[in-house]
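Each of two forms of one protein chain follows alone as structure tokens, named structure 1 and structure 2.
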Structure 1
């Protein structure tokens, strides 16, 4: 937690520091560890419940390590209307996990995202920060094959 203390020190004096601190913690550790929540709460004079509430409210924050790859499928209405539900079911089946889960081998974490802003080219996804538009079964299979490397 020494690194977490350094991150807190780097954000001292920043107005509204909670979100930047949480992003920095997750970037450093790959997730927001529970023991970091207590340190952040104490440093910002917040309750642990307040910090936990922010971590659990925003879908981008994780409370456990992600897989080596993170696949985010858009679950917004436009993507659902363009076949996103069937695509989501296929991803869950192929990976053997539900949304919010990581494959047993730690290879891929499957996460929902609620709009990537690509409604006109839906359904869309993001793999390791890279956007993929007009995703279909074939593109999904290709993305998952990339994670095998």
Structure 2
């Protein structure tokens, strides 16, 4: 938790520091650990419940480690219009998990995302932070193959 203390120190003087701190914590640890919540609450003079409330409100923050890879498929309207629902079903079937789940071997977590702003080249996805557009079955299978590594 030394690293957490360092992150807190870096944000001293920031106006409304909680979200930037949580982003930095998740960047460092891959999720927001329970004991970090207590340290943040103490430093910002908030209750643990308040910090917990913020962590759980936002879709981005995780309370447990994700898989080694995170595949986010856009499920919003512009991607639906271009065959996104069928792709989503294919991804679930191939990985054997539902959206929001991680494969048993911890290899990949499948998440929905509501719009990546790539609506004119839909359907789109983000894999480990990299964006991909104009996805068809073949491209999806290639993305899934990447998660084997």
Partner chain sequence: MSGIRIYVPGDAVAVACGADELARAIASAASIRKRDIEIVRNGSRGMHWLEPMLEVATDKGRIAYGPVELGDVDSVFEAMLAGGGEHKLRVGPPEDHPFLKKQTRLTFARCGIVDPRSLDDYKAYDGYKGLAKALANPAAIVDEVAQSGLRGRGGAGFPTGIKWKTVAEAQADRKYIVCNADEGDSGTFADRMIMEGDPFVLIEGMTIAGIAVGATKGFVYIRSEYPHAIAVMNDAILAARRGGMLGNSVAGSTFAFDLEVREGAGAYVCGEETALLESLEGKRGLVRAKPPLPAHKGLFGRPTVINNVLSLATVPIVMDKGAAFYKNFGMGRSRGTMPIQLAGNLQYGGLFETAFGITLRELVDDIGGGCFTGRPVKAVQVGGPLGAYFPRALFDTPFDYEAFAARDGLIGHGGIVVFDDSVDMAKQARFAMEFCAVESCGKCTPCRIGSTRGVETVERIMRGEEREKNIAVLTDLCNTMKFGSLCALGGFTPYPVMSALRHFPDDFNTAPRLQAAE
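Fair warning: this is a prediction, and the values are worked out from it, not measured in the lab. In this text, rigid core is short for the largest set of C-alphas that superpose within 1.5 Å between two forms. Numbering follows the first chain given and starts at 1.
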Structure number, where the criterion is the form predicted on its own: 1
Residue 52: after superposing the rigid core, is there a C-alpha shift of 2 Å or more between structures 1 and 2? yes
With the two forms matched on the core, what distance in Å separates the two CA positions of residue 6 between structures 1 and 2? 2.7
